[in-house]
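The chain that follows stands alone, in the form predicted on its own, written as structure tokens.
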């Protein structure tokens, strides 16, 4: 599958086949692709707490989720919490791009997953404070999001996307860039 096809086939599943576990090789491929994301000064601020195939960490991550997310995410064989290092490693200065860098990491992971037939769903409905407590995440790290990955147990269900004219502007904010004529 080419990159464009992987992007077009990506969607956020909410029903996962709990009987279809992820192999270590599949997880390594996902994470190896994600770690190749660009980052400010190549500092790579991303870190993961990873629960795989219903292990103890998977159960602890479930505890951090909102009741609604816990209900469906329990069937996903991979749960993770994405954490960003707040400061650069090479100097005592806050990395203002850490969230963008981690978002790019998350995006690369999603495209690779889609290419493999695996779907992922990000979750803001979780407790960063509880995750910090359970996993003893130091204060110099920011707990960003939780996510689930696995083979979907539901049909393709990509939500409608905004048209390009709704968010690409020319001249001033809100003035659509004409995608037909290029002007």
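Keep in mind the model is a prediction, meaning the values are calculated, not measured. Positions refer to the first chain, counted from 1.
There is also a form predicted in complex with a small molecule; it is not shown, and the following applies to it.
Enquirer: According to a 4.5 angstroms non-hydrogen atom cut-off, is residue 123 in contact with the small molecule in the model of the complex?
Expert: It does: once the small molecule is placed as it appears in the model of the complex, residue 123 has a heavy atom within 4.5 Å of it.
Enquirer: According to a 4.5 angstroms non-hydrogen atom cut-off, is residue 69 in contact with the small molecule in the model of the complex?
Expert: Taking the distances in the model of the complex, the answer for residue 69 is yes, it comes within 4.5 Å of the small molecule.
Enquirer: With the partner left out of view, is residue 172 within 4.5 angstroms of the small molecule in the model of the complex by any non-hydrogen atom?
Expert: Answer no; every heavy atom of residue 172 is more than 4.5 Å from the small molecule in the model of the complex.
Enquirer: Give a yes/no on whether residue 106 approaches the small molecule to within 4.5 Å in the model of the complex, heavy atoms considered.
Expert: Residue 106: yes, in contact with the small molecule in the model of the complex.
Enquirer: I need the one stretch from 39-47, 61-69, 129-137, 23-31 whose residues put non-hydrogen atoms within 4.5 angstroms of the small molecule in the model of the complex.
Expert: Only one stretch passes the 4.5 Å heavy-atom test: 61-69.
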